[in-house]
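Given next, in structure tokens, is a single chain: the form predicted on its own.
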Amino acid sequence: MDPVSVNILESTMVSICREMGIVLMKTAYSTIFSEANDFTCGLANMDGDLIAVADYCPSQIGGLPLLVKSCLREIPVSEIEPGDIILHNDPYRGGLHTPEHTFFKPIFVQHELMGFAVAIGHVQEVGGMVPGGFCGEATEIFHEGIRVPPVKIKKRGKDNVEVWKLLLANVRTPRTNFGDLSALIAAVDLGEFRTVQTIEKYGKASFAETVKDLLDYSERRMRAELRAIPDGIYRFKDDIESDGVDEGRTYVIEVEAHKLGDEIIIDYYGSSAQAKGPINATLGVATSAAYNAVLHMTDPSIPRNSGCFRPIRVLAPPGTIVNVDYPGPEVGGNTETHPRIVGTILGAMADAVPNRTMAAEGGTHSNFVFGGVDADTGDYFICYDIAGVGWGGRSFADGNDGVDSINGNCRPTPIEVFETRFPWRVEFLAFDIDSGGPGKFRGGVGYTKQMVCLNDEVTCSQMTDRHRFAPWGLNGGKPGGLGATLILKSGSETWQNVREAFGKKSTSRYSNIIMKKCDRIRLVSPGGGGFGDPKDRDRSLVLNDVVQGYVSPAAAEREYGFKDK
């Protein structure tokens, strides 16, 4: 097929995926979809290979092929009919973590299966030990909510009522869950409809041939990028400070990147045995993180599909923190361990491609979840709230300030929406001065969100990181600022961490603390590490940092030797 036709079809399919996401965002009930956009929409061929995806959540983009292929092992193509919609969220069947629900709808044209429309979304309430799905103290998968193997939620266009009943009976907010699951279904319905239109326009044979050519084209582009990277074995490791259960014990993510010719192998051998607590990554997460890292080091114009993943191999030993065995807990593996894996791979490749890597970013989504009964309405509410972090400095630029972690691409919920929907008043939301790691190129700054509770009670849990181990710098750059979670109980004048205030083992991973009316919570996100010697930073950039409030005058003098006269 000629390159023009390949480009036109690829652009058309990406546009379909974007439109699927817009429908999902506009029809969902929860803020994690309607505001944060914690979802991904894509198209797969009949073998389960990713053929197109929109620019939504990177962790889900890389995880999509394994999800579809795992599903097809249990529900073979011969048992899939027009109008079926398949759902699953099982982490041990190629899934990413329990909240991530994946919907597949077959695309039939003239009775022939041509592929699947796929939507993956983070459903904020999945039952389990805590409202909101992030049990920071879970010790087994059963603490983390309902686990759904591949099942047909719709059969030949009709709701499978028994499956709906089972799903909604196991969550605290059935109305909101029904709305969010329906939004995911609407997304794959639209994806199927638009793709059928496209195939009918070009013809089945032409469509299939062009998709094959597109995958081969992406593979060639990726192999060319990898050939330009010097051959070698590149190593790096990073420590995770806690699993929320065995406090005081640390966990190592160790990477060997074997680059030879036009292929790369990401080997996690040497990483710690799986943790008791919920920081373990699934195989889907470990694979997705490797793809994520390589995509960050290569040409962003390469079409993102299974073709560009072909030269990337992943070795993740079972029973480790990067490939959890049943029934180990894993909810934090997708949000916390995934970005740490990506950072470790980038750290390993820093000498090979210094202009395409960065110092450590904040590496957490903060994952503050809460729920309760609204004192005014009597309705049960639940929220999954995320925060931005500072990204690492690069060889040519400062890190980004206060954006979502490297695997998320999500937006913070606007304060106006947050205060309207939930019984909190946000007292301030501001960048944290001096939280960006000093360097020739400064790390991005994190930020602080402080809230006061307006309800009689709110049950809160959190899964976050970098309260003890700061994001590392590169090439002489210094570490970024630490994160923190602090509590000010009503009537007290002393801010405390959750260990001091509630007797929890960890300050960064905890479950079911009860916030009372007029209690305050302060959520601090980490900054990014710096790149290069701070003394080499351009004086005008330091002055601008001081003027803009990113760096204090004292830190400018201490770290950069700069004193404004």
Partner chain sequence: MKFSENGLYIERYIKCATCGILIYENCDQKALTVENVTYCSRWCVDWKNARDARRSVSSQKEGRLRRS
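Residue numbers count along the first chain shown, from 1. Source: prediction; values computed, not measured.
Although not depicted, the form predicted in complex with its partner chain is the subject of the following passage.
Student: Spot the stretch among 165-173, 72-80, 371-379, 477-485 with residues whose non-hydrogen atoms come within 4.5 Å of its partner chain in the predicted complex.
Tutor: One stretch meets the cut-off, namely 72-80.
Student: Of these, Val417, Ala397, Ile233, Ala228, which has a heavy atom no more than 4.5 Å from its partner chain in the predicted complex?
Tutor: In short, Ile233.
Student: Identify which of Gly157, Pro354, Gly203, Pro318 has a heavy atom within 4.5 Å of its partner chain in the predicted complex; exactly one of them does.
Tutor: If I apply the 4.5 Å criterion carefully, the residue I get is Pro318.
Student: Look up in the predicted complex whether Ile406 has a non-hydrogen atom within 4.5 angstroms of its partner chain, and give yes or no.
Tutor: Contact with its partner chain, no.
Student: Examine Thr195 and determine whether its closest non-hydrogen atom to its partner chain in the predicted complex is within 4.5 angstroms.
Tutor: No, Thr195 is distant from the partner.
Student: Please tell me whether any heavy atom belonging to Phe207 falls inside 4.5 Å of a heavy atom of its partner chain, as the geometry stands in the predicted complex.
Tutor: Close contact is absent here: in the predicted complex, Phe207 is far from its partner chain, nothing within 4.5 Å, heavy atoms only.
Student: Would Arg93 count as touching its partner chain in the predicted complex under a 4.5 Å heavy atom rule?
Tutor: Contact check for Arg93: yes, within 4.5 Å of its partner chain in the predicted complex.
Student: Heavy atoms within 4.5 Å of its partner chain in the predicted complex is the criterion; list the residues of 232-269 that meet it.
Tutor: Ile233, Glu254, Glu256, His258, Ile265, Asp267, Tyr269, in sequence order.
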